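Here's a solo chain for you in structure tokens, the form predicted alone.
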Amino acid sequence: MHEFAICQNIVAAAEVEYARVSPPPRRLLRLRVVAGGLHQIVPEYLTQAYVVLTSDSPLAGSALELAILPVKAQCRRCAWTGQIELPIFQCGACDSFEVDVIQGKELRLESLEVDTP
């Protein structure tokens, strides 16, 4: 369950950003994360890890929102660009395996929604 390790980093980043909010918020309502499809995150596992990791923190009780970006590639042979299906990295036009992943590796904390005084 690699989601737990990923979530540890998400929570650490969220705690830093939460502490930077001025004036200090009453509480965190929602945390939005964007992840590329190559991470193969199971949303339910990430949510469970988030609940456990935030239970004794200022983030406790907040909701985790996850947006998963599809994996996209560009073919070096014919320049086709489009979504690919894992685990096969193959051009959708010429069937070449000479493709570069151009989307799907992302993992970022996109936003925090806070309750302010």
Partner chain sequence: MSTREIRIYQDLMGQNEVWARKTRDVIAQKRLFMINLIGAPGSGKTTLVENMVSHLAGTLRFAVLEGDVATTRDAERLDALNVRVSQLLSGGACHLEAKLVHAALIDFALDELDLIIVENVGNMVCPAEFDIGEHAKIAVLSVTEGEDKPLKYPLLFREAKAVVITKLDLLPHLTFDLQACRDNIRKVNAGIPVFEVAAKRNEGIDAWIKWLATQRRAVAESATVT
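Positions refer to the first chain, counted from 1. Predicted, not measured: the structure shown is a model, and the values here were computed from it.
Same protein, other form: the form predicted in complex with the partner chain, not shown, and the subject of what follows.
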Check each of Cys78, Leu38, Val42, Ala67 and return the one that places a heavy atom within 4.5 angstroms of the partner chain in the model of the complex. Leu38
Spell out, yes or no, whether the shortest heavy atom distance between Cys94 and the partner chain in the model of the complex is within 4.5 Å. no
Exercise: Ala19 in contact with the partner chain in the model of the complex, heavy atom 4.5 Å: no
Can you tell me if Ala60 lies within 4.5 angstroms of the partner chain in the model of the complex, counting non-hydrogen atoms only? no
So in the model of the complex, is the partner chain close enough to Leu29 to count as touching (4.5 Å, heavy atoms)? yes
Within 94-109, the residues that have a heavy atom no more than 4.5 Å from the partner chain in the model of the complex: Phe97, Glu98, Val99, Asp100, Val101, Lys105, Leu107, Arg108, Leu109
